[in-house]
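Quick heads-up: it's one chain on its own, the form predicted alone, in structure tokens.
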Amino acid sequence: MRIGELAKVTDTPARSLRYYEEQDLIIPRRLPNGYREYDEYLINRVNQIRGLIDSGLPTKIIRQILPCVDKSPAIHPGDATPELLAVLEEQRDRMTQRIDCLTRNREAISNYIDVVSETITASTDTGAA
């Protein structure tokens, strides 16, 4: 697929996709005319990259952990430093806090929907009687 198609299916600006390429996060094939050709597997990778960026990770670190995301055997523990591990642990803990917060908010919204639905159903039932 071309860059515009990948941009559309991932809801990612083409400019960001070019940046991901510059950072070696995605590697499209090049057609003889110089156009980029993106394989289907890059849809998931782009979505994963966006999620990691949204969680606050810089692309330098994302590049290092992408093999783990892809479940690739190409993990290079020799590249890791104590500082990198500290940053990753901090990011993981922040993600856990966000997940906990989102879970609580989802439960609150579900409870609200249940209460409002019951109220609407009850008022509809009594109005019809």
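Position 1 is the first residue in the sequence shown; the rest follow in order. Predicted, not measured: the structure shown is a model, and the values here were computed from it.
The same protein has a further form, the form predicted together with the DNA, not shown here; the description that follows concerns it.
Using a 4.5 angstroms threshold between heavy atoms, Leu102 stays clear of the DNA in the predicted bound form.
Contact annotation for Ile53: at least one heavy atom lies within 4.5 Å of the DNA in the predicted bound form. In the predicted bound form, the DNA sits within 4.5 Å of a heavy atom of Gly34. The closest heavy atom approach of Thr59 to the DNA in the predicted bound form falls within 4.5 Å. Residues of 15 to 43 placing a heavy atom within 4.5 Å of the DNA in the predicted bound form, in sequence order: Arg15, Ser16, Arg18, Tyr19, Tyr20, Arg30, Asn33, Gly34, Tyr35, Arg36.
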